[in-house]
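For this one, two forms of the same chain are given in structure tokens, first as structure 1 and then as structure 2.
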Structure 1
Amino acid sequence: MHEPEAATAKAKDLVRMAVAKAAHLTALPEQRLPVTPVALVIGGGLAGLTAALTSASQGFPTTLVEQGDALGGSALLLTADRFGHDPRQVVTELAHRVKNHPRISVRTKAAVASVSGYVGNFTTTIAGKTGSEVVNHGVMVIATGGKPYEPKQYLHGESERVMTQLELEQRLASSRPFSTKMKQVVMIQCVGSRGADLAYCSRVCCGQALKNALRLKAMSPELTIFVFYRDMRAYGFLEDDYLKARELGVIFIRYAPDNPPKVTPGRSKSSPLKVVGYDPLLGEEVELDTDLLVLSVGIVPEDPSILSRMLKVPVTADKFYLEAHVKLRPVDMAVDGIYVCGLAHAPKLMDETIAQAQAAAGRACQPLARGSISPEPIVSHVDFELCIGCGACETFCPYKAITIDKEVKPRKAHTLTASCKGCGVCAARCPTMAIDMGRFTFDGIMAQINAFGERV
């Protein structure tokens, strides 16, 4: 960036190299392979349920795999949305619709044990309660979800007066949430997030704090609520909640990452906690006695390491599944036929999860609806004149996609185009340069190298 001349020179070189390669391109025979018109959804939370229902409603049999014993996922931890509706009810209804859908089969307490194949023709083994089962499917949607970050800061787990926003949600939905003696509540945002244990912002915690502050205010208007924040991420209509909270007297105090509020226990168990923080508007420290300290914590993804390796799909440094392109292919994974949605992809609100799950299922249905796929014709091919039948290619091929025909003399290597993925290791190891790759030919790459050298 900001080096226009160097960038232009680079662009010119790259274009010249691409043109040089293009001159060597030849038409490659395209294959048509049938697609198994079945979808597999991994994860039975809000995202997975929505994705399964979307693909099944379009007419495609769908298998949903959930590792827990019930459907619903993290959405069941919430007790109200910002309009006062209970998401547990909605998700339970959704799960009911999924379970009773004629085209959806649900496997709970089950996990993906192995995956093979490619878009249109995946074969997945699901290990369940009653042994394992093999499912053939054309596409799959990853919706493995996330979970709340477990804080150890701010006396969480040590004092009964400290809880997370989710724990507060549960209390708020109980019959007698709090003692009438409760006078003052302090919330702290970004606990463990944005550079501490989690490198990222979890997007939803500000909105949740606003929502819960408003719920507390509705319950007892005389309650004093302080919110220590770094930046309020009240985007879209959440701004209304922020304005309303301020109108109702919720006090927002900004803190710097290097000077977070400090919490100390009260004199006895029954006495309030002491929160000391610097108020940049007053320009001095404030000391607050609080009956309840609520921590806004982020979302961590379910551990993706086993599944991501099985599927050969990338995850970010924060262990969320990485989409193929943030803007151009936001629900596709780099591997064709695999899509992602929900908290497995990134922290997001429920409405955003639903929209993304529908998008992922919509994308997933495309190859199913088309009925066939044409894999990239970048397979290896063998020049029989040059092949000496040594079998090195057969040894190193990871897919058994190139073999020596032992029946025919003289022995020659043959490519099984349906199995070949085009990696090219056979070409790099062929002792007589008898093997070349479609679109990534030896001459094509050499032409690129020559064009690189021709720069003016």
Structure 2
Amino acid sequence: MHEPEAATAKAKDLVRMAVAKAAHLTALPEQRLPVTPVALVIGGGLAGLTAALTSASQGFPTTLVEQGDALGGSALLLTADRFGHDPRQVVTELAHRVKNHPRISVRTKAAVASVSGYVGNFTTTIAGKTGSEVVNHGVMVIATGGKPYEPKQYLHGESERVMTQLELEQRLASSRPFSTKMKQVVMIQCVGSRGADLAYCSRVCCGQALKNALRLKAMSPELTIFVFYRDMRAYGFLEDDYLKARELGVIFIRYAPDNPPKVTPGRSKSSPLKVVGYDPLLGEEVELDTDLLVLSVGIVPEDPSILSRMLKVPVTADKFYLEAHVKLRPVDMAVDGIYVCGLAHAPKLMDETIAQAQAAAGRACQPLARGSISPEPIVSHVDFELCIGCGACETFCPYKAITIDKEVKPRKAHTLTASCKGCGVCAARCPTMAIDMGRFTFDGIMAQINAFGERV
């Protein structure tokens, strides 16, 4: 902005280069490729069941693949929602609807063994208990889910008085949950999360702690409950649960990440645990004898390494699948025709999981309903006269969009236009310059360079 003469010279160069490139532009043909009107959903949890039912309800045959022997996933670990309803009944009913839907084929104890093809024309091999099966489909929804983090802190696994929030839910749903002699309960939030083993916030832990605290209070109103927290992230209507817990006498004590509460065992198994933590309001440490210590742990995604490499889709540093764009394409993956939802994408509440699964299924049904796809014309083009069939392009293509036809002599490279993203890696690697990119041809680029050198 402070060099107007240089800026003007640069503008002239850019215009001259653009004109020189325009002289070499040619019309790029638009292709229409057929779409196999079938959807594949990987994962039989709440997200996968919702996505499969949504796509099948729109009239498209759907194959659901679940590696476990039953449908439902992590949602079956919950025994009550914040309103007191049992979510297991809803999930079980949803699984029953999926199993009996005429357009849904369920494969349990099965896993994806291999995937090939592109949007509209995928071919997936499913390895199941009865052998391998090949499924042709046009789109794919990833809903592989997650699982609770297994804590090793605070004597978990060593003392019967220490349990996670999910383990507490199981006890609360049993016929005889706890002894009437229990007087005091301590909960610790963010165990293993936000900087320890897990670098992220799982969002559901605070709401789960509030829900279980209210359930304990309903069971025994005189019970004293302390909650050590870093930040209470009770957003939305969960704020009502936080206010109700405060009104019922639940005591919340904030702790700093560098000074978390410390837990020591009692003198015997029947003795209470001792929890020592700093109270910033009192300005001193408090020592609590607790009959029960409840740990709020986060959500860990199922290992995505094999499937992500197979599909050529990226994952985050925390092993969650990475969406194409957080605002514009929140359920799309970088590879066209592949969508993600549920805990495979990020930790979220059940209502958020359902909404995202419906969104992913809705996006997946768009190319199926259209019946055909129009890939971007800016793709690689192979000059067969210059191609020597060395295979460098096939090796370095990140999207597997180039193949070498080994049955034809001499060998030549071929571009799968539906898979090509126009990145140009193949053109840069080709030793004989046999590959050009649409709108970025060798002649066009050289014309730009020569035009820049003609500055006067």
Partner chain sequence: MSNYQPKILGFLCNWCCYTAADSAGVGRYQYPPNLRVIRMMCSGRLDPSFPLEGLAQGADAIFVGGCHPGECHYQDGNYHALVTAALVHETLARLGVNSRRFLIEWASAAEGPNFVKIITGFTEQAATLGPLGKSEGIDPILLREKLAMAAATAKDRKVRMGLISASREMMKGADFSRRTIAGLVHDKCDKVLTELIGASVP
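Rigid core here is just the name for the largest C-alpha set that superposes within 1.5 Å across the two forms. Since we're looking at a predicted model, the values are computed, not measured. Quick note, the numbers are simply positions in structure 1, starting from 1.
- Comparing the two isolated chains, structure 1 is the one taken from the form predicted together with the partner chain; structure 2 is not.
- For the motion between structure 1 and structure 2, the hinge, where fit shifts from one rigid part to the other, lands on Glu376 out of Glu376, Phe252, Pro301, Val90.
- Treated as two rigid bodies, the chain shows a rotation of the smaller part against the larger of 30° between structure 1 and structure 2, based on C-alpha superposition.
- Once the rigid core is matched between structure 1 and structure 2, the CA atom of Thr403 is found 8.9 Å away.
- Here the rigid core is superposed, and Leu25 then shows its C-alpha moved by 4.7 angstrom between structure 1 and structure 2.
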